[in-house]
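First, one chain by itself in structure tokens, the form predicted on its own.
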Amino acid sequence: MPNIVVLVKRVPDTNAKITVSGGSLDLSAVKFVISPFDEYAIEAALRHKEANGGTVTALTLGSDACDKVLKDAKALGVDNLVRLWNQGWENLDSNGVQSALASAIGDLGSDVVYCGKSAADSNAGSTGPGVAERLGWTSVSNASAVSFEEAGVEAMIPTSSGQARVGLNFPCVVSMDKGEMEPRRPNVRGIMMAKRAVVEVISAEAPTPTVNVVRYSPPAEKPPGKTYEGAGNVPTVVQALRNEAGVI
């Protein structure tokens, strides 16, 4: 029976307003949630377990503030909760994150890893492929559906001519996109079990960051809109659309 790992990430709610103060992000009033595409990864992992047995371990990298998203995953039905963290990791870059995750996944003895195609905060889409590269595993990204075999999985992925079904033998990494698998919602029993769940904290080695964030700045404000009235302004509007907006 497969040993399944699903990666989850704590991100600001996608409806939250992020403000910048003094070159730093002000997240004091922001609600944090599981990254939306990770919800599809959790659903795929749980369906894999329901089809072929095994166990599902939710894995995240972060401080104890991330325990909440792990317990949210527990409420949905995952078996084990693991948080990866070392002091001094507050500024890990993507190389460090992927290296640490790959090390932890190897120690957990996983057969297959599911993750979201990208995180809502960075939208980089590099975690799944990066972890797979470091482990030396096969991988696919943007999978909209998966089916489960004894020795691997089949995934539907987009191509230039439509959709393709590809097969992957274990061990492998599958990055999930929104698709046929609608994420489930927790029930009362799951929520109660999550409250009592224990998060296992582990450590790993990670390379020294090579990228440092100097400061944050908000995007430039959009200029005010222009209003034109009357047919006589049609040439002016056309010129503005062509020269200023660049849409025609």
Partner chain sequence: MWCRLLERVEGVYMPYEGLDFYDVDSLLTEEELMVRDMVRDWVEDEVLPNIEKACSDGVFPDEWRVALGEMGVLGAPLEGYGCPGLSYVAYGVICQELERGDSGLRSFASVQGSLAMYPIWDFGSEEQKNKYLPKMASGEWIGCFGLTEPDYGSNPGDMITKAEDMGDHFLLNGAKMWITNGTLADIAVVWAKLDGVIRGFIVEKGDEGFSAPEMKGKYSLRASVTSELVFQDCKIPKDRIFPDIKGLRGPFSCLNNARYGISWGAIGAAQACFHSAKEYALSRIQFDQPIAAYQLVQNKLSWMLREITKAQLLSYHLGKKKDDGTWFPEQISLAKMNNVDIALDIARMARDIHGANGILDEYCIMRHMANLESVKTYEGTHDIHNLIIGRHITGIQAFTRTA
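Positions refer to the first chain, counted from 1. As the structure is a computational prediction, the values presented were derived from the model and not from experiment. Take the two forms, superpose them, and find the largest set of C-alpha atoms that agree within 1.5 Å; that set is the rigid core.
Although not depicted, the form predicted in complex with the partner chain is the subject of the following passage.
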property	result
Sole residue of 14, 236, 227, 21 within 4.5 Å of the partner chain in the predicted bound form, by heavy atom	14
Heavy atom contact within 4.5 Å of the partner chain in the predicted bound form, the stretch among 69 to 77, 153 to 161, 99 to 107, 85 to 93	69 to 77
Partner proximity in the predicted bound form: residue 198 to the partner chain, non-hydrogen atom cutoff 4.5 Å	no
Distance check, residue 134 to the partner chain in the predicted bound form, heavy atom within 4.5 Å	no
Contact of residue 203 with the partner chain in the predicted bound form (heavy atom, 4.5 Å)	no
4.5 angstroms heavy atom contact with the partner chain in the predicted bound form for residue 191	yes
Members of 39 to 54 lying within 4.5 angstroms of the partner chain, judged by heavy atom, in the predicted bound form	39, 40
Post core alignment: residue 227 C-alpha displaced by 2 Å or more between this form and the one not shown	yes
